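There is one chain below, alone, in structure tokens, taken in the form predicted alone.
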Amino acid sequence: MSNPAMSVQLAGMELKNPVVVASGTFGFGREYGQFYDLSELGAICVKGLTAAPREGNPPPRIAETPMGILNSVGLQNPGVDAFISTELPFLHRYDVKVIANISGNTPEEYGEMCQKLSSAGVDMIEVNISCPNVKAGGLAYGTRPDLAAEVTRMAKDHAGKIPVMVKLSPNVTDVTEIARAVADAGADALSLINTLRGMRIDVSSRRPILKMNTGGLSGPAVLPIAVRMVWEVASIGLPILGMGGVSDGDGAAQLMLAGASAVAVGTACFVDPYAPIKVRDELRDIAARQGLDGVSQLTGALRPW
């Protein structure tokens, strides 16, 4: 078998391997760093940040489902300033790229956070557009092309030289329409998919299991949807961080073949802290068996019927 190179490019950022850990599933790396050297990863996408600290939603806010979980954590985080002062110095001890995920209620909040994070030295900013826009009556940015484009332009205007990646919601009729809008607004990369809205009910009590009634579905059950959406969005031409249900090298390879330059492992980390490392090694084995010079040659190599 060959010994394929593992490095990949994502919007001009070189990753030593294509495995990223997804925002909201890895905290700021401190807990998982007790299991292995965080430098083993391609990048860490940190827990979603907001302009001010947030306590998140009341429990229960996590519920298991067949082949996945529902979550309505509600963006619990210490705020962007505390991240920059406390968590970012910790992450900078490691040889790993740091991607900051941000959520805002107004375009101005996104801009302010981008400016702070760019100055602080993160490697990339991931803009979560699944958030409600308070100026638009609570409508999520990611459900309308004009709103998605507005927040993308604001992020780009304030991010300096740091690449901006926009995280797309699958809860839309046509994901390519949103992707095209943020691409035209200057996005450097796309990440997808975010969670799908779902719900579980306790039949005995007749109440939703989650206190917020609905939540975001993630886990292996959503992989086929993620693969389809990555394949559709790849036609836009921007680099893609593929995510949604990756739990092994095969799932990661499917997203790369569909068009992703790198992949994010999320929910699988809750089942097995070593999941990202195993996905990395299995991806290397797949590329070696296929005689590839590098794992990057998987990207976009799908042969559709």
Partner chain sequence: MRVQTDCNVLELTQLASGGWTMTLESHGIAEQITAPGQFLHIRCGQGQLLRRPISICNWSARRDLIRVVFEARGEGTRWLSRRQVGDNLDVLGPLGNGFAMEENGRYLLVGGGIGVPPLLGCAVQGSRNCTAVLGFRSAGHAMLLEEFGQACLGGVRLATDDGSLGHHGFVDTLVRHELEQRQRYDGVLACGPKPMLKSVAVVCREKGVPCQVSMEERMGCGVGACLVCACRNAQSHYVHVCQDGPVFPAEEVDWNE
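Here the structure is a predicted model, which is why all the values come from computation and not from measurement. Residue numbers count along the first chain shown, from 1.
Omitted here: the form predicted together with the partner chain. The next part is about that form.
Checked against the partner chain in the predicted complex, the candidates L147, A185, I209, V172 yield a single residue with a heavy atom inside 4.5 Å, and that residue is I209. Here is the short version: of L238, I277, I69, L257, the single residue with a heavy atom within 4.5 Å of the partner chain in the predicted complex is I69.
Note that among 159-167, 70-78, 117-125, 99-107, the stretch whose heavy atoms approach the partner chain to within 4.5 Å in the predicted complex is 70-78. Taking the partner from the other structure, the partner chain in the predicted complex has a heavy atom within 4.5 Å of a heavy atom of T267. Put simply, D37 is close to the partner chain in the predicted complex: some heavy atom of it is within 4.5 Å.
In the predicted complex, no heavy atom of D250 sits within 4.5 Å of the partner chain. When the partner chain is considered in the predicted complex, N17 lies well away from it, no heavy atom lying within 4.5 Å. For a residue to qualify, one of its non-hydrogen atoms must sit within 4.5 Å of the partner chain in the predicted complex; none of D281, G294 and G300 qualifies.
Residues of 250-273 placing a heavy atom within 4.5 Å of the partner chain in the predicted complex, in sequence order: T267, F270, V271, D272, P273.
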